[in-house]
Structure formats: structure tokens, C-alpha cells
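This document opens with one chain alone, in C-alpha cells, the form predicted on its own.
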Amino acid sequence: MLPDNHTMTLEAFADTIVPGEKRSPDDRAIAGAAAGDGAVVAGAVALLLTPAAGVAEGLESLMNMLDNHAREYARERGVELDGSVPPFVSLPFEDRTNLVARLVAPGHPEKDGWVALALFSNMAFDTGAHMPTHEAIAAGHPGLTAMKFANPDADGLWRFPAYSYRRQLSALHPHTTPSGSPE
């Protein structure tokens, strides 16, 4: 679990990667730069906090660094920060985007950390990787809904009678079970 200020900063970062609309009129983390739900509602924070992502232990440090970068960016650009929210959250969306572009640019010494956060933010939207796919679909996961990801069959398995290349690329292995698993 992250402190509230770090959660808000992380949400603002994820929203910069896959923007969405505000959850409420007083939402400060989500800038409201796009219609529909973005990475935050899709579960970016939940995914980043899962042990499988491998970044949870470093998130507090990264959020402190991000807020420090936001302070420096604001000083450079003459942007006045609102002290009632974390510095990165206080930045207007365009400035958040410009700062993130700087952090993920080739040659930035912290690039790997910021790219990892960006990739997981995208992954949360594209796949709902923090939850089983059938549960994400049932819950109306925004990314899977936007992609029109197919529902499973009644037995919970996915079968695709129309091949994506409009032809079968290879025969099933003779030891494939009815569930699609190898023997």
C-alpha cells in the first residue's frame, strides 16, 4: 500500500500514459484529457502494486523522484504548483506529458524506471493483467471493452472458430486435450 500522496502521483503518471476522463469533478490525479476510462480506472495502480510486476518495492522512491522532477520542471518553466496536491499532480496535463517525455528519453539516467512504469500503465489498460481475463471482461474493463475483446464460451474457455488469418496455420498437435492443453 502506498501513502495517499504517492498513490495520487502514481495515478497522475498512469493517466499521462493512457489518459482518461475524471472520476469526479474534484479528481486531481486524472487530468481529464481524454474521453472514457484510461489507465487509472483500468487498474494501473493495482497492477503496479502486485508482486509479479516487480516494481512495488521501488514505487515510493520513484514517486518521490517524480515529484522532485516536477518541482524542478515547474521552476524551469515558471509553473506555479498548488501545494494542496503532490507536485506532479499539480502540473497541467501538457506539462505532465512534457516531463514524462523528458524522463523516458534516450540518455536519461533514470529512463529504465520510468519506461517500466509507462509499460505497466499501458499493460493495465491493454490487458487488465492484474486480474483474470474473464473477470476483467465481466467487470467491463475499459481497455478490453475498447478492443472488443471476445467473451469466453459458456464453459469459460476461449475458442475462435474464425482464424485471425482467415485460415488455419497448423493442425492441432495430436496430444492436445479438449481444453487446449498438452497431455
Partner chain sequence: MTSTESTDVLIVGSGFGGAIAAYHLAAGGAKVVVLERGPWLEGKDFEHDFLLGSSYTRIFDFVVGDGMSLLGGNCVGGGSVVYFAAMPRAPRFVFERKGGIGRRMWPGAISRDTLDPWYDKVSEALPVTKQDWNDVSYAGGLFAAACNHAGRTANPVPVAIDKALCTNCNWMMAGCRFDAKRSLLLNYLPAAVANGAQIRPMHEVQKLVRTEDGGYRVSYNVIHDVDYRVAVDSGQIDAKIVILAAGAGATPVILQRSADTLGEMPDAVGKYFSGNGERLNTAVIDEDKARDLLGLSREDGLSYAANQIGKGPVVASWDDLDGSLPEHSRFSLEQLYFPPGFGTILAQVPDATGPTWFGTEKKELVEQWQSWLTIFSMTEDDNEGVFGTPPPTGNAYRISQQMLGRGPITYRPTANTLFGWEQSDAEVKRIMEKDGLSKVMPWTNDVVGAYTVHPLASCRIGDDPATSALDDRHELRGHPGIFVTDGSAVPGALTVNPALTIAALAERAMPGIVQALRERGVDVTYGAPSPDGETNGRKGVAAQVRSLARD
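Residue numbers count along the first chain shown, from 1. By rigid core we mean the largest C-alpha set that fits within 1.5 Å across both forms. Just so it is clear, the structure is predicted and the values come from calculations on it, not from any experiment.
What comes next is about the form predicted together with its partner chain, which is not displayed.
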{"query": "Contact test, all of 24, 60 and 75, partner its partner chain in the predicted complex, heavy atom 4.5 Å", "finding": "no"}
{"query": "Its partner chain contact at residue 130 in the predicted complex, heavy atom, 4.5 Å", "finding": "yes"}
{"query": "Proximity of residue 53 to its partner chain in the predicted complex, heavy atoms at 4.5 Å", "finding": "yes"}
{"query": "Residue contact check: residue 38 to its partner chain in the predicted complex, 4.5 Å heavy atom", "finding": "yes"}
{"query": "Residue 81: touches its partner chain in the predicted complex, heavy atom cutoff 4.5 angstroms", "finding": "no"}
{"query": "Any residue of 90-111 that, in the predicted complex, places a heavy atom within 4.5 Å of its partner chain", "finding": "93, 97, 100, 101, 104, 106, 111"}
{"query": "Core-aligned CA displacement of residue 170 at least 2 Å between this form and the one not shown", "finding": "yes"}
